[in-house]
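Quick setup: one chain, the form predicted alone, written in structure tokens, and binding and motion questions come after.
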């Protein structure tokens, strides 16, 4: 096997191998566990950087191994997969730092970080999957290895949340399995390809292909929390803050959204999907989700639940961009794959730090918290303003391209959805910012924790949200760098639309 052929597999293994080793470490071996975590995260970033450089020079990276008769296990790098890989790798690194600080005195850390690493390996496998069978394997592995993280606390509330998560995702997994089997029965062992693997609708297959597409959307809609398949997400917020960050920004929710993008563009192809008439129902479903998620968020006092319903709304921007059927809308949707991850992880980092440092878990407890934790709250503020779409944050870039994409696609009513969504975003984020910065503190904090340092909280809880908060601004200010995110997303869209 050549270096180019082994690189996709090595990217998966850089988190898989440390994760397996960590399971066998004693709780007291903190230094070894931390070293393995950080080495795996940094090594993954280096390998992805090598792969990006190779793709720009038209190098092919593919790992192909025999699996079933006529079906190979395929890991392959392309412009879309690398975008998801770099997002996951960067956010895994900062989340690892945050999780080490957050769980410093917690039990079962080896179990936690073992499954944590397996989740990232599964996400990388989903990103790099070259065909449906490989995608299915890693998609289901992600469900299995995320469950122990959701129930990590082990109390009854965590177990209930875990059961709900498992029921939803296993039903979604069943729909995915049925769609994969049916697709193989119709089209054979096809593989993902820029512009779509289905060149034209086979005579007599229009009905089955339409049903198969909606089976895929139902399967991915569970993890991406499309209404009414979103019920598991708020209940899974019983998990520790690093897990919530992983669920919303790096792994589960984002894997569902990526699945919609991958199947629409690289399995069916955007032209075939449009000919089947499936994009309009997807546009309506995602628009409904954007509004419903935002409305439900307004009524939540629990910080993490408000952020969870915000995720229900925000992740659907990605699929909405796909459904708009046009290059500009696609650019907005695919860019939001990155933008939402960076902004939402900042918010969850902040929420976790408020809880761990002051015992604050509810919005009604946040009066004056900006003066007690100014850097953390500043990062939280940037993330919130980005979700609203205030320039020059990353969220503004997303909404700009989605809006212009709606005009390009003659779907002008989507502009109304985006405006209403932004107003609702403001409705559930601005009251938080007002409480934190302008209202006086009420009494003592619920359970203030003195970390004994010069900072407002433990530095490992402070650094990650500050870093991702800065990213949220830089992604907006420098969106059009010569070889930046917009450049890369344009490459993806040009290939998918065969322009």
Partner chain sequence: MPQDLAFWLPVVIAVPLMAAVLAFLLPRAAFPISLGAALITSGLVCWAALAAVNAGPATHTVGGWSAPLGIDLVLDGLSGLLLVLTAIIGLAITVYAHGYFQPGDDLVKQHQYNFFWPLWMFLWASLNALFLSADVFNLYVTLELLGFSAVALTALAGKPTVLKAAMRYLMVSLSGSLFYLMGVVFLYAQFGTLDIRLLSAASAETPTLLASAALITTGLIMKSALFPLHFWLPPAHANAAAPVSALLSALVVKGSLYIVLRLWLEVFYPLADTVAPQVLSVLGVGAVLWGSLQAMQQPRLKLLIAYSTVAQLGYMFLLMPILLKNRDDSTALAATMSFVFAHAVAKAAAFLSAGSILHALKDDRLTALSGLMKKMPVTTAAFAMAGISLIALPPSAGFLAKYQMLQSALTNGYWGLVFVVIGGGLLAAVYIMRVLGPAFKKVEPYGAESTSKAVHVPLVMSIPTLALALLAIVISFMGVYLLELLAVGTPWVLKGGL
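Positions refer to the first chain, counted from 1. Not measured: the values here are computed from a predicted model.
What follows is about the form predicted together with the partner chain, which we do not show.
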Inset, instruction - Report whether the minimum heavy atom distance between residue 444 and the partner chain in the predicted complex is within 4.5 Å. - result: no
Legend entry - residue 430 within 4.5 Å of the partner chain in the predicted complex, heavy atoms: no
Inset, instruction - Would you please decide whether residue 372 lies within 4.5 angstroms of the partner chain in the predicted complex, comparing each non-hydrogen atom pair? - result: no
Legend entry - Interface membership of residue 182, the partner chain in the predicted complex, 4.5 Å heavy atom rule: yes
Inset, instruction - Would you point out which of 108 to 116, 379 to 387, 265 to 273, 252 to 260 contains residues with a non-hydrogen atom within 4.5 Å of the partner chain in the predicted complex? - result: 108 to 116
Legend entry - Residue (of 190, 166, 363, 288) lying close to the partner chain in the predicted complex, criterion heavy atoms within 4.5 Å: 166
Legend entry - the partner chain: the contacting residue among 178, 292, 284, 409 in the predicted complex [heavy atom, 4.5 Å]: 178
Legend entry - Heavy atom distance at most 4.5 Å to the partner chain in the predicted complex, all of 128, 456 and 459: no
Inset, instruction - May I ask you to list the residues of 122 to 151 that have any heavy atom within 4.5 angstroms of the partner chain in the predicted complex, in sequence order? - result: 133, 136, 137, 140, 141, 144, 147, 148, 151
